[in-house]
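Presented below, as structure tokens, is a lone chain in the form predicted alone.
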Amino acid sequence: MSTVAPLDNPEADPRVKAVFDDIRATRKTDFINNMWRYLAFDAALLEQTWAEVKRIMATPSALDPLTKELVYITASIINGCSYCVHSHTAAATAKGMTREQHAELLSIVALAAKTNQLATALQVPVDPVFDKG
């Protein structure tokens, strides 16, 4: 259950409508997902969050769009965000992620979780060659 109620008509607020219109234009779709609908309870928070998502996820950069989605899926798994796991898995699939790539990603995430836990449990010191600081 959500901690806030979605607004009945979020686009009645011109700031929310402007963000929703930008999401539609950027993503080339009429679909506004629940994340944005629920963030609309606070227009400033909606604007700030969309600006950051647009800058990082929708603007060409050194990482290709599929890689960005794979990283986002990984972070979402680690952070335990079911909503984001689902939405970014769908986005990665739309950007060309194959079943094999998805399976390999999950294998890497599981392996990292295991080896991270082992290194933490053993308190393995960082090798000087890895410590650039």
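Quantities reported herein were computed from a predicted structural model and do not represent experimental measurements. Residues carry their position along the shown sequence, with the first being 1.
FYI, the form predicted in complex with another copy of the chain isn't displayed, but the following is about it.
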{"property": "4.5 Å heavy atom contact, His102 to another copy of the chain in the predicted complex", "result": "yes"}
{"property": "Interface membership of Thr67, another copy of the chain in the predicted complex, 4.5 Å heavy atom rule", "result": "yes"}
{"property": "Contact flag, Lys114 vs another copy of the chain in the predicted complex, heavy atom cut 4.5 Å", "result": "yes"}
{"property": "Non-hydrogen atom contact Ile23 with another copy of the chain in the predicted complex at 4.5 angstroms", "result": "no"}
{"property": "Interface residues of 1-31 toward another copy of the chain, as seen in the predicted complex [heavy atoms, 4.5 Å]", "result": "Met1, Ser2, Thr3, Val4, Ala5, Pro6, Phe31"}
